[in-house]
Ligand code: ADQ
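In the block that follows, a single chain appears as structure tokens, in the form predicted alone.
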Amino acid sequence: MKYIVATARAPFSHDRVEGKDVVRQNVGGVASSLRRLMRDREGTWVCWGDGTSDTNYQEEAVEGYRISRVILSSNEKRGFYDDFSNGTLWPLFHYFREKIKTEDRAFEPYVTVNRKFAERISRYADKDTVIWVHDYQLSLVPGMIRKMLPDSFIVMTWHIPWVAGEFFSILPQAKHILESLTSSNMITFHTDIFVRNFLETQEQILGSAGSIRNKVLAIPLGIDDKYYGAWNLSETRRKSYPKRKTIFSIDRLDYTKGLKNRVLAVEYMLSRHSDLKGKFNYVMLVTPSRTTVSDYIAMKRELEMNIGRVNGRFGDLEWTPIVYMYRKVSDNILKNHYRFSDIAFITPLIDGLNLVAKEFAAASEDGILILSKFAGASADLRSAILVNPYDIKEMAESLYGALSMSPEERRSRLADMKAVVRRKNTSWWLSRIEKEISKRWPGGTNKSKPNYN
């Protein structure tokens, strides 16, 4: 079978830098997994061309498949992406009621852009094509495609949490979006909890979920475990890490990540356990996000004020408890941190999955993972230390316990997590998706099987 994949973000973009066009890669887990699929299955990747030179590359062939970029005006981008996708849907699906913008004016450009995607998809679709739509930015595309191409086979994969039905019903356009999603032939989430929430939402808003129950599945995205696990580092790089224990985290600057609570947990731990002074460094890496949005500017300022207070209270000329870095880092640097950090402190307030947790488990030599129980990855990584990210005391005591954990327990927990990550890797995810498609679509049977390894 061949695919039309639709994502808001492109696998890579073209930007104009110092008079030349340069390629900017999208390094996210979804993008890298879908690249593997498209390399093995000819087809088309429909995406938003958000690069400054993407208007010159609206269609291009790469690695055996076609990229087709949808170009948006500045008004369409603002309404579709900034206002409705990230101003309405993102806080809604992360239970941040006070941040949800419900002004109807943002919905119109969201509809317009979704229609642009649907029309572009319909240009390439035929009877042998699976149409695979991804995530909340394109929630209206399945319904639009169903009207344009009634016999098409549509898969919708939702990468962020799905909230309880009564919370989703806050959204004025709730019924419209739900009707679109349920017109898909197959809908996948990352956890059973999100599947249950979705089915309950269907019952509350549209009636009985019996007709869709067998097409809504939990299939968690995996990572390329070989990429993160087979990494040889020089002794020079190893020796550059401090003798004291290293706690590490990396997150995009966002209110869903629970960044301030982590700082407060470190403060609480130090206030109760003075023996830890000088014994660890918390390397807190935060990557820039929405740098011109006032809420995010204020969030960054508050985070940095709290970090400064903790460092001023407990640090001295020889030791800084929290080493804060606000920047993007290369894959190689990130893998170094994964490899040699003693503890990964990954505690989002809520997360659809969180691939950082899986990447750390694959790459770590001897580390332990502290993970929010509200991250989707916690459903698989049961040997991590699972915590409530709203409970500062619990996080502090879990950190203290991880710092003093016996080597035997640490190795046992890490081995369990590595086994899960290895078993449910990217190849497993893609194969499982294709297996489920074949069950439901006659056009998906008797096709050659790709090699995802």
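On a predicted model such as this, the values are computed, not experimentally measured, just so you know. Numbering starts at 1 and follows the sequence shown.
Just so you know, the form predicted in complex with the ligand exists too; it's not on screen, but the next bit is about it.
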| property | result |
| --- | --- |
| Triple contact flag Val329, Gly352 and Glu359 to the ligand in the model of the complex, non-hydrogen atom at 4.5 angstroms | yes |
| Contact label in the model of the complex: Ile250 to the ligand, heavy atom within 4.5 Å | yes |
| Gly401: touches the ligand in the model of the complex, heavy atom cutoff 4.5 angstroms | no |
| 4.5 angstroms heavy atom contact with the ligand in the model of the complex for His14 | no |
| Heavy atom of Val310 within 4.5 Å of the ligand in the model of the complex | no |
| Heavy atom within 4.5 Å of the ligand in the model of the complex - the one residue of Phe340, Phe167, Tyr268, Trp90 that qualifies | Trp90 |
| The unique member of Val27, Ala419, Val62, Met405 whose heavy atoms fall within 4.5 Å of the ligand in the model of the complex | Val27 |
| The ligand in the model of the complex: contacting segment from 252 to 260, 172 to 180, 311 to 319, 70 to 78, heavy atom within 4.5 Å | 252 to 260 |
| In the model of the complex, residues of 141 to 169 near the ligand [heavy atom within 4.5 Å] | His159, Ile160 |
